[in-house]
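Just the one chain here, laid out as structure tokens, in the form predicted alone.
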């Protein structure tokens, strides 16, 4: 048997993926991943997922905690290889892309993401649009130019994964991994992969997108606190404009002159506007820092 993938552990977080897990594991074995290098972290499946995996001789551990982030945290305790490949167990990610991800990370990257290529069959319009907007939002916050920051298939160095703070939960874990690497080494790359329609019940809901946005904003407090502080302060601009509109309405239509309200509106507007400019400046400074990191790493 080829020893090509002996330095990778493939981690598959599962929760009731009985409909797809057989096909996922068969594809991994066909690619050449050794059985002993496949680890399923199960979050309490009741549909036979665990039994099907174990019947193929695949190692299964029970997840500690709840959600995908805790699944990865559990997996770390069982990983002994220098590389880790994460993928979902719902058949959406073809295993034949693993060699491409593997060759890419061998070029010196710390994280290689399988950037999904969607079609109408594999993903609905709302979710395709949501993924694009979330990735764009991440790029703005962290000065990156990624195509798919939330992909569930990626290969990462185990040493980095073990140092991850794990401040996010569930579906926001991919954005934390990317933010951590962008901030520490900035050695991140993408490989386009075709995304398939999942087998089984979909777990990701529209409202999860808003939770991911919240987690991305929280991550800026850790990795770019200057931007976070100024961005929050810039909200005074909205408050100042609202107070100003109210003061103007009272003056024009009610004949009431409120100097204090007008003064507060001007102060809030000026502080908010200045904070907005400083927030934008902090983003450009962070991008300059990333470019300098790349120069020194060459």
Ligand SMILES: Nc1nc2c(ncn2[C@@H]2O[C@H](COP(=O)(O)OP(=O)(O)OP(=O)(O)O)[C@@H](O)[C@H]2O)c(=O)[nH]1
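From a predicted model like this one, the values you see are computed outputs, not experimental measurements. Residue numbers count along the first chain shown, from 1.
Separately, the form predicted together with the named molecule exists; it is not shown, and the next lines address it.
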Please determine whether each residue of 148, 172 and 220 possesses a non-hydrogen atom within 4.5 angstroms of the named molecule in the model of the complex.
no
Note which of 224, 186, 135, 92 lies within 4.5 Å of the named molecule in the model of the complex, where distance is taken over heavy atoms; exactly one does.
92
Is residue 52 near the named molecule? Define near as a heavy atom within 4.5 Å, in the model of the complex.
no
Just to confirm, residue 190 within 4.5 Å of the named molecule in the model of the complex by heavy atoms?
no
May I ask you to check whether residue 101 falls inside a 4.5 Å heavy atom distance of the named molecule in the model of the complex?
no
Does residue 28 reach the named molecule in the model of the complex, with heavy atoms at most 4.5 Å apart?
no
Of 263-271, 241-249, 30-38, 65-73, which is the one stretch near the named molecule in the model of the complex, taking non-hydrogen atoms within 4.5 angstroms as near?
65-73
Using the arrangement in the model of the complex, list in sequence order the residues of 174-198 with any heavy atom within 4.5 angstroms of the named molecule.
195, 198
